[in-house]
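Only one chain is included here, represented as structure tokens and corresponding to the form predicted on its own.
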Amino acid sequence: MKAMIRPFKGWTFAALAVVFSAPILAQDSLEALYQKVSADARAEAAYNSTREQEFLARANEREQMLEDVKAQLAAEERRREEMKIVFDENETVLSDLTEQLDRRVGNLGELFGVFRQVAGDMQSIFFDSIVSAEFPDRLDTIERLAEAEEVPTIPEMQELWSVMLQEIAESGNVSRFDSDVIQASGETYSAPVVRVGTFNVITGDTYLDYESSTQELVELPRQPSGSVRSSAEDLYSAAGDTTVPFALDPSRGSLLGLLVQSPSLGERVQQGKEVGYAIIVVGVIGMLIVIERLIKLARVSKRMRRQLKDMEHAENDNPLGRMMQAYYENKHLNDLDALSKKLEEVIFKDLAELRRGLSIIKVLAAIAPLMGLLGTVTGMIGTFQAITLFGTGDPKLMAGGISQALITTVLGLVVAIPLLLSSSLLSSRVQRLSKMIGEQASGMIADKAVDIAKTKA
């Protein structure tokens, strides 16, 4: 209503302004103004009437829409009631059918449980079996049978029996097939592999491990000793029905898996730490001396045997020859004591040379076990420190000290025993050479005594 009044007031204010500003306007102008205001009023009334008609039309339309929605709602409610009746009827039918199924299945339900249990057990066996490396498709088959939710059919039961029979048959076969092999460095190559039952897989002289999670063959990071690998190589290169010995792992890879964790010779030496290295240095020095002495005594023994075959010509390259030279140079002496002193001087000098290094070998042979004992003590001290700090709950914390104690003890004995035997061997050879020189010297002195006696007679 305010919008309708405002134009009227505006025009009124304009008319009054005209009256007060121009009082001398004619009567026609006022009449025209009146006509215009009246026309605007009628136009405004017609516009409002039109809008009212439109509003009423829209209200009727909305009312009709409301009636339609109510009708649809009523229809849907009637449909819901009908569907509920159908659902209840279906529930009743389903219950009757389930009861009928249970009645008809009877003992087949128990058969279904046994089938699923056996299929599940075989699935875990096949998953870890190396036979699956050659027949990977059977894993999908056993998985499908193990996850079946319906009563198994006769073909499915025959399929389960077939894969079980295959596992039994392949456990006693030696089979060759091509497969991808992953090296310890991570590189992959394709090569023929030989499967020995359900126990081992090899390629060449290399033992492989079956990774069930990835269904791949992987080279063991650490291979067995040479004889075991030789048997693998013999089996790999064998043809036909040839029978060859083969080192089999009856634990199906468990022992080979422990081989990876066992320390090598170098790692065991490292467990001895500084004391172990010192013992090894002592052993190396001792063995170098032993080798040098063995070569030296062998040469001297050879030259002395050659000198024994020719006693008329003294050679200067051996102790016996030098003793003979001293005898011949002083043979003119008629004093046996003086002649003996001359010979003893040369003999003692050569014997000292022959015995050189034997005392050092004995000392090293005695030091080695003592150093091993030192390593044992230091290792046990470390073990007790670990027990004090961490307790006895984790044996791995004590393994380092115990390993050092045992390894140093072993190293000490390994060094001492051969050094001691070598020392005894070298001493016996020196004694044999000394005896040979002494016998020859005594014989020459005796001959000289006979000559002196003949001269005096």
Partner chain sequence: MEVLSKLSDFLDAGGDVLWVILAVTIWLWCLIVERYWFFLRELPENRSGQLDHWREVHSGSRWFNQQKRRQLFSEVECSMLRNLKLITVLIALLPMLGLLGTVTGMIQVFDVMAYMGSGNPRAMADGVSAATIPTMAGMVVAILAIPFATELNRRYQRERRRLHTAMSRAE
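Positions refer to the first chain, counted from 1. The model shown is predicted, which means the values in this text are computed figures rather than measured ones.
From this point on, the text means the form predicted together with its partner chain, which you will not see here.
Colleague: Would you kindly say which of L336, L374, V363, L248 lies with a heavy atom within 4.5 Å of its partner chain in the predicted complex?
Modeller: Result of the distance check: L336.
Colleague: Using a 4.5 Å heavy atom cut-off, which residue among P224, G283, G321, P369 comes into contact with its partner chain in the predicted complex?
Modeller: Exactly one residue meets the criterion: P369.
Colleague: Please run the contact check for L258 against its partner chain in the predicted complex: heavy atoms, 4.5 angstroms, yes or no?
Modeller: Yes, contact at 4.5 Å.
Colleague: Contact between S262 and its partner chain in the predicted complex at 4.5 Å, heavy atoms?
Modeller: Yes - in the predicted complex, heavy atoms of S262 and its partner chain come within 4.5 Å of each other.
Colleague: N48 versus its partner chain, in the predicted complex: is there a non-hydrogen atom within 4.5 Å?
Modeller: No, no contact at 4.5 Å.
Colleague: Taking its partner chain as it sits in the predicted complex, is S29 in contact with it (heavy atom to heavy atom, 4.5 Å or less)?
Modeller: S29: no, not in contact with its partner chain in the predicted complex.
Colleague: Sort through 48-56, 63-71, 34-42, 417-425 and report the only stretch with a non-hydrogen atom within 4.5 Å of its partner chain in the predicted complex.
Modeller: Result for this chain: 417-425.
Colleague: Determine the residues of 398-432 with a heavy atom within 4.5 Å of its partner chain in the predicted complex and present them in sequence order; the list may be empty.
Modeller: Sequence-ordered list: I402, L406, I407, T409, V410, L413, V414, A416, I417, L420, L421, S424, S427, Q431, R432.
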